[in-house]
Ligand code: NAD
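As a starting point, one isolated chain is supplied in structure tokens, in the form predicted alone.
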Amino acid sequence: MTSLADRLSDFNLDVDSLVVVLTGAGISAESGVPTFRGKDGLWKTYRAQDLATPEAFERDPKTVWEWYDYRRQIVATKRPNPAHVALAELDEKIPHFQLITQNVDGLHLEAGARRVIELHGNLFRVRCTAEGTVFEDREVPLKEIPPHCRCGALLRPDVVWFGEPIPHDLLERSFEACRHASLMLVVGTSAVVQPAASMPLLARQAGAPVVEINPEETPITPFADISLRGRAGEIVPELATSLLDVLGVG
């Protein structure tokens, strides 16, 4: 049976290769973070259009913040799993690396990854609605709901809500990385939320092989060079070890 390292060797990678990783909710589900899709998804309890929109916040900031405070309390008890840790090791050891995540839980950063683009923001950052200032806030639970900035204005979660665009600079950095990728890993994403869902295809069109890690088939599967079925926490560490060996930076 051909080993994973042998399969990666077929891609002619070396120390100068740019490795791009896209992660979705599936990687954090293994840490116990509820997903918004699937049988245990938070969207099954709360209607997203009632809470995660600018209009909802303008209409009822207290209820929106009560829901986000609830989510923050859940996520604050979770820790990075072996997949997060393995990707942080790739970040540390691979000279040319970019991690792009759709997740807002901050677990990649907690695991030690630093070259991370958080496309949809972070639950533990807040933004002043008057000044636009963004800063970290890990107070759990919040003492004041809704919270206010030092200037007196309302704070909002620094996340991308439905109907809002992803910040242009984050999107451009992500697309640029995909266009120049030597290898793209796609971990735990349903591949249905745009524009992230198109990023593996962009890398593939630019000539980069795509490796997908997911328990189930996704719209990316037909385009992947390697599809690995199973839990990210079990597969990604093995994949990371093989990749570091192939790149010669293990």
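The numbering used is simple: start at 1 and walk along the sequence shown. Just so it is clear, the model here is predicted, and its values are computed rather than measured.
One more form of this protein should be noted, the form predicted in complex with the named molecule, which is absent from this view; the next part is about it.
Query - Candidate stretches 95 to 103, 125 to 133, 167 to 175, 141 to 149 - the one whose heavy atoms come within 4.5 Å of the named molecule in the model of the complex - result: Selected stretch: 95 to 103.
Report task. Find out whether any non-hydrogen atom of Ile213 is located within 4.5 angstroms of the named molecule in the model of the complex, and reply yes or no. Result -> Taking the distances in the model of the complex, the answer for Ile213 is yes, it comes within 4.5 Å of the named molecule.
Report task. Using a 4.5 Å heavy atom cut-off, state whether Glu66 contacts the named molecule in the model of the complex. Result -> Contact check for Glu66: no, nothing within 4.5 Å of the named molecule in the model of the complex.
Report task. Determine whether any heavy atom of Pro61 comes within 4.5 Å of a heavy atom of the named molecule in the model of the complex, and answer yes or no. Result -> So Pro61 does not count as contacting the named molecule.
Query raised in the report: Would Glu30 show up as a contact with the named molecule in the model of the complex if we use heavy atoms at 4.5 Å?
Result: Contact with the named molecule, yes.
Query raised in the report: Within 142 to 169, which residues have a heavy atom closer than or equal to 4.5 Å from the named molecule in the model of the complex?
Result: None of them.
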